[in-house]
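Same chain, two forms, each on its own as structure tokens: structure 1, then structure 2.
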Structure 1
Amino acid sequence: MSGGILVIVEGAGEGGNAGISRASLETVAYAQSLGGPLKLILPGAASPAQADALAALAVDEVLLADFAYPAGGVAGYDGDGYVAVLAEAIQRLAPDQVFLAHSYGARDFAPRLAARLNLTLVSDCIGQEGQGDAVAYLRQVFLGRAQARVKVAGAGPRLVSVQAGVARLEDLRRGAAPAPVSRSTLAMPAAPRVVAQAPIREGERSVDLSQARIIVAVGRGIKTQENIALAKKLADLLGAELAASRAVCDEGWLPIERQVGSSGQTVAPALYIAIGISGAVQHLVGMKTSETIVAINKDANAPIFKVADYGIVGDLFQVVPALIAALEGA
């Protein structure tokens, strides 16, 4: 094309073959909102349903860029294969900007793609300002506690990964007619360097947090396993489910099935009370659509307050007992 935007899209589901990932579709919506020529590229094997889903969007072209090893053998994601097909396409198409969702896959292949093309990758962006060469990207830094505006120097496409939730899926536009689809298969030189087993999920999920009307969620601010009892007491009083940030589950203070976030469950209860949770983006994606969010945190700059409807800056070891007392007295 020369110019315009290329969006790298990924499949959904743990095997990458169940439709198109939500974060990728949000990224397409983000690119659509900027205007101008827009192409999509899906690396790896594409199912007919995936091809149709992409062609239905308001875009100029869809590229399905598969790769094949001499002896076969790669069924799903392969970082080297992704880097190879994407590097080829970006060199050929020379877009102004390349966007992709800041997914777990992107963390694996996007930096290597940047290195292969001698480009710089601006990762985990939440927006941009300005046009053309003067474009600047916004990113969260210090675990979301601060924000930075980032400028890129040098020639070549801007390579940018976009944070989940930056664009809304409802704004994704469909095309009047299906977009043209082109398919290619790149021959990989050697055998795969990384051999992947089938995806697994550990343990049974016996708690379905998504059904809870009220959730009391605790973070590392609770400090010890013994203190979990305090949050449990509040949850019991309210008839709420107890949930946690990843930090708490990593410590083993609560089982992983109670984890909320990108690597845990996604919830949207009527009321979400976040206690001693900083509000890292990986946690926020799992709960920010809750109807009412209450945050209790001693740090006024904690990013959890950005999504909170009610905020209490204070020591949870004073506020939560007071809340329990108020409920018991009411």
Structure 2
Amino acid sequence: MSGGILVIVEGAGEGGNAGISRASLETVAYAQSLGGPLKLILPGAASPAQADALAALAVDEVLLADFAYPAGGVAGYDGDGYVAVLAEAIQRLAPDQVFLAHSYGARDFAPRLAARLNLTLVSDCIGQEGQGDAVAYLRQVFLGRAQARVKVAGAGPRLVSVQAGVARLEDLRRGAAPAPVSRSTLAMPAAPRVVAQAPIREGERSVDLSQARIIVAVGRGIKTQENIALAKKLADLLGAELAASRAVCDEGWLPIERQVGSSGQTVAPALYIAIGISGAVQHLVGMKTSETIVAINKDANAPIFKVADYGIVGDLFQVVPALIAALEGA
């Protein structure tokens, strides 16, 4: 390869996107927007569906890099295996930039990968400026109140994790013909040091809001826990997930897993409806990259309107029932 971009792709188990994580596909879309040679690498055992899904994208090559321990392969995630196969590929391909989604898995293996290769890791980026050695990566700091421009000194690939929602899934380009796919398996020298368990779920209602295409979120303006049923009815009619600001979760009206913001989840759905949310910066940092934002608030000066595509200034207890009635009538 020598130059160009390498994107580390993560699997997502069963479900949509043929077992490829939405955040990884958004990262591929971001890399495509930059132009130039682009290769993808999926560490671990890849299914045929995953291989086909990646090969269908507008990329130059797809690398499936598995690893095996002396006693056999490992089912699921293994940080040591990921680091080993990714380090080998990066050294061999010598890309200019290596992108990966800023996921929970990446937070485990990316720092170890950077240490293995003596690279600088620039994490949770929202974009970049400049070209070549002059490129600067943009990061949100102070809970989104400011942006930092980070330049990496020295030689070697730049290892960069990309925040969810920086690119839209709808902008992901498919290739005119399937990209070539290569498979390799790296022999690990010893038994695995860590055995991964199934992902922990806090409860049966646990939800990954980052995968939702439509979100209806409620804030302090909903007034009481009983009134959340109004937003829930709107969400059900839209096939949306229900979310909340920190104030609602702090009151215990909705579980913490449904909180959006700097201390909750970062989301970028196709449609985000904010009901009774004033728009504190801690909340905005978690949702302002949504494709379309609709805000409903009786305060015309609420900060949420600064990021909204459509704003409705009015009493939510009048506006939301009207929306529900219109949807039921349709």
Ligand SMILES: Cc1cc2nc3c(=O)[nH]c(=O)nc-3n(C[C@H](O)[C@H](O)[C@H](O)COP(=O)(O)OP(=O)(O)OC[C@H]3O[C@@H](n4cnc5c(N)ncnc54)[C@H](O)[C@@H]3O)c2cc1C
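Worth saying up front: this structure is predicted, and the values here are computed from it rather than measured. For residue numbers, the reference is structure 1: its sequence is counted from 1. For clarity, a rigid core is taken as the largest C-alpha set superposing within 1.5 Å between two forms.
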Assignment: the form predicted on its own: 2
Per-residue C-alpha change between structure 1 and structure 2, residue 299, threshold 2 Å, rigid core fit: yes
Rigid core superposition, residue 49 Cα moves 2 angstroms or more between structure 1 and structure 2: no
Flag for residue 316, CA shift 2 Å or larger between structure 1 and structure 2 after aligning core: yes
Cα displacement of residue 213 between structure 1 and structure 2, once the rigid core is superposed (Å): 14.3
Inter-form CA displacement between structure 1 and structure 2 at residue 255 - rigid core frame, Å: 4.0
